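Just one chain is shown here, as structure tokens, and it is the form predicted on its own.
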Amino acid sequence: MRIVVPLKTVPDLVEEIEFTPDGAGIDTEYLTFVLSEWDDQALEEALLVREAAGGQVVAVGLDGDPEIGQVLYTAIAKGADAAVRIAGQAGSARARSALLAAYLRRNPADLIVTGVQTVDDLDGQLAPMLAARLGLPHAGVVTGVEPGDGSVTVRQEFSGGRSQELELPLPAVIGVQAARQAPRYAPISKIRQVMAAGGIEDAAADAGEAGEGPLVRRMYAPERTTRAQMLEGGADAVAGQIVELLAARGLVKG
């Protein structure tokens, strides 16, 4: 089984995010980029499927993504059999799906496993768009994949603690919400060994009529609301202030 896992880097949200001067994008000059947490889950699930059914896991990324080389080397260190860096840059799931679909038409896969969403693209459209372009079945919000004979059984998770299992014929596209176990750790020493050995394959891009989707005209920071009110004094004084605040809002009587 050949399993392809598209990987994407996103801004590290522990850092302060600032807009570009025109307000239409994020200023990336001083940001650190890391692997999307959902793509990390997808890679782990793909490795688990490979370990159960055999085959090959191939991590792929776009060379326009910051730090994608480091991410691909790390994927190999975690257990991926190969890594491919596709020429191209995409600002939307629509354009990204076109680049990935072009690569997959030339290099078909039995199973394509993506993260269900990313922090900068929460609509979760990459997997369904990729499936539509390739004419393949798709399942999203997946929390487990079990390989079968010419098919996979996936577990989907819904709100309220409900879940269901679906059987999809291969080839198929899966959007992973969470792997069956936490993503494995790759020590720095192993990543450096992989980097020293090379091993990332470069591939040309042929997106065709990808389009960029909706144009972002302006981005806004969340509006500031009232700040926390600090209560001062001893325990009795603070308790009295709390009661007064609750009474003023109609939350207590008397």
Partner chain sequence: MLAEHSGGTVSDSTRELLGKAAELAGGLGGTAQVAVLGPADLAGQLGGAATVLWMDHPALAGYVPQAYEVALAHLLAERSPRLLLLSNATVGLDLGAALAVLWDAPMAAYATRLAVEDGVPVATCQVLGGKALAEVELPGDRGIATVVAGSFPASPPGTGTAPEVVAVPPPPGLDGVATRLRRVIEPEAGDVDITAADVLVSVGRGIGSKDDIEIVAELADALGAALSASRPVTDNGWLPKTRQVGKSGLKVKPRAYLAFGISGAPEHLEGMRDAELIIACNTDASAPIFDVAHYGTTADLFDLVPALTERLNG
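Positions refer to the first chain, counted from 1. Under this definition, the rigid core comprises the largest set of C-alpha atoms superposing within 1.5 Å between the forms. Owing to the predicted nature of the structure, the values given are computational and were not obtained by experimental measurement.
Only in words, not in the display: the form predicted together with its partner chain, which the text now covers.
- When its partner chain is considered in the model of the complex, only one residue from Gly144, Gly88, Pro183, Gly79 comes within 4.5 Å through any heavy atom, namely Pro183.
- Considering its partner chain in the model of the complex, the lone stretch of 224 to 232, 49 to 57, 191 to 199, 64 to 72 in range is 224 to 232 [heavy atom distance within 4.5 Å].
- The closest heavy atom approach of Tyr220 to its partner chain in the model of the complex falls within 4.5 Å.
- In the model of the complex, no heavy atom of Val84 sits within 4.5 Å of its partner chain.
- Its partner chain in the model of the complex is not approached by Ser36, whose heavy atoms all lie more than 4.5 angstroms from it.
- Among residues of the shown chain, Asp149 is not one whose heavy atoms approach its partner chain to within 4.5 Å in the model of the complex.
- Contact annotation for 126 to 147: residues with any non-hydrogen atom within 4.5 angstroms of its partner chain in the model of the complex are Pro128, Met129, Ala132, Arg133, Pro137, His138, Ala139, Gly140, Val141, listed in sequence order.
- With the core superposed, Ala24 shows a C-alpha displacement below 2 Å between this form and the one not shown.
- Core-superposed comparison between this form and the one not shown: the CA of Leu122 exceeds or equals a 2 Å shift.
- A movement of the C-alpha atom of Leu13 falling short of 2 angstroms is seen between this form and the one not shown when the two forms are aligned on their rigid core.
- The pair Asp123 and Pro183 is looser in the model of the complex: their Cα-Cα distance rises by no less than 3 Å compared with this form.
- Relative to this form, the distance between the C-alpha atoms of Val49 and Asp123 is increased by at least 3 angstroms in the model of the complex.
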